[in-house]
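Presented as structure tokens, the chain that follows is alone, the form predicted on its own.
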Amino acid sequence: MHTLPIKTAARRQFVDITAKVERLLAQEDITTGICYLFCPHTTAAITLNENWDPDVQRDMSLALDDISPQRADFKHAEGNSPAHVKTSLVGSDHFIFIKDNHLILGRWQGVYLAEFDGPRTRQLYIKFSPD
């Protein structure tokens, strides 16, 4: 298992980690298998989405803000309840198939850490399992 630290620079940010995950995979001797990704944070998530047009991440952030805006009646003392809701909606884990020692992703897909309460240093856990 690998631990990947990721530093975020903004309160809400989508960090493309595709190349970092691929570099870790290149160290493995796996022709086919599965890549498991897990984010052990309650205010950050993992998602797969378009990595060609950065406006997609901006639009996703705006849409998630519409779904879970800051509200005066939230009671959580830290004031980051919207981040917790967004993390639950987006999810804390993913798996991606591996073929020929590469992640199987769609033409425009990338792997993202979704930061909802930054800036922070996050840890992502990655496990590669051969068939």
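When you see a residue number, it is the position in the sequence shown, counting from 1. Since this is a predicted model, take the numbers as computed values, not measurements.
Separately, the form predicted in complex with another copy of the chain exists; it is not shown, and the next lines address it.
Exercise for the section: Answer yes if any heavy atom of residue 13 is within 4.5 Å of a heavy atom of another copy of the chain in the predicted bound form; otherwise answer no. Expected result: No, no contact at 4.5 Å.
Problem - Contact label in the predicted bound form: residue 101 to another copy of the chain, heavy atom within 4.5 Å - result: Taking the distances in the predicted bound form, the answer for residue 101 is no, it never comes within 4.5 Å of another copy of the chain.
Handout entry: Close approach of residue 42 to another copy of the chain in the predicted bound form, 4.5 Å, heavy atom
Key = Close contact exists here: in the predicted bound form, residue 42 approaches another copy of the chain to within 4.5 Å, heavy atoms only.
Exercise for the section: Examine residue 109 and determine whether its closest non-hydrogen atom to another copy of the chain in the predicted bound form is within 4.5 angstroms. Expected result: Although another copy of the chain is absent here, residue 109 would touch it in the predicted bound form, with heavy atoms inside 4.5 Å.
Exercise for the section: Taking another copy of the chain as it sits in the predicted bound form, which residues of 44-80 have a non-hydrogen atom within 4.5 Å of it? Please list them. Expected result: Those in contact are 47, 48, 49, 50, 53, 55, 56, 58, 59, 60, 62, 63, 64, 66, 67, 71, 73, 74, 75, 76, 77, 78.
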